[in-house]
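The chain below stands alone and is given as structure tokens, in the form predicted on its own.
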């Protein structure tokens, strides 16, 4: 019987050590202190990041898209996730968040109460945002309407409903390294910022492994199945369009074949069209530089 007791103690120690190692990470106030908020730039970050596209109510149009009441469903092989209310309501939304709370959510995937967020919040991409970007985004979002619609709970079953396990996922897949690196031109640096960070394009256009981690290298932006089970997201590496074709698509949604963007991509185009043309050109330049080694 003594060996059973020893085994139980060892298992408990291993589990405890694992939970401690993979505990939610949170940065301190020094990360954002001394930064002056620029809400105007925060609006650009908000638009480029597609915040409203996921967090507006289902079917919202016009100005109602800025009422970030949440509720849209995102099916996946791990369960169905529901976009939460991130309006400025202090109870139903995130109106009581500080800029540091937002930084920890987007950079570390950690909630203000110290728990792991599911990576359906694309913090694996947002980890590349600069502290100033997040401070500015926070300042802009405080200007948006409040809504008291309660967030819907995620429909995720065992074992994926054990949030503590997400610490292990982060250890495996949460990286600050850029996919495109090296001596880049200013245009490519801006394109990288828009594609890999704000626009989180890889979240849809890059295949994943069995644990839901994004693949890299030659697989980056090479197309992926739709987790909702309907069709696939296209391969951007083999997209033989000119720079002008890409910029036009990001502006109007029309392809060189006279087709048009549909589904969620129509919302992405709507966001890109609000950015300066040089930003759309920078995204085009990034895509033209693919594939990565």
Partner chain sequence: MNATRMLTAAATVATIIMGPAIAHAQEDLPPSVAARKAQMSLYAFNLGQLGAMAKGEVDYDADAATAAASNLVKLSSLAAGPMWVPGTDTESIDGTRALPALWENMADVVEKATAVNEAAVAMEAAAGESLEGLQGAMAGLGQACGSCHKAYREPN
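Treat the numbers as computed from the prediction; the structure is a model and nothing was measured. Residue numbers count along the first chain shown, from 1.
Below, we refer to the form predicted together with the partner chain, which is not included among the displayed structures.
Q: Pick from 25 to 33, 240 to 248, 66 to 74, 41 to 49: which stretch has a heavy atom within 4.5 Å of the partner chain in the predicted bound form?
A: It is the stretch 240 to 248.
Q: Flag residue 261 as yes or no: does it have a non-hydrogen atom within 4.5 angstroms of any non-hydrogen atom of the partner chain in the predicted bound form?
A: Yes, contact at 4.5 Å.
Q: With heavy atoms only and a cut-off of 4.5 Å, decide whether residue 54 touches the partner chain in the predicted bound form.
A: Taking the distances in the predicted bound form, the answer for residue 54 is no, it never comes within 4.5 Å of the partner chain.
Q: Quick one: which residues from 264 to 285 get a non-hydrogen atom within 4.5 Å of the partner chain in the predicted bound form?
A: The stretch 264 to 285, when checked against the partner chain in the predicted bound form, contributes 266, 267, 270 at the 4.5 Å heavy-atom cut-off.
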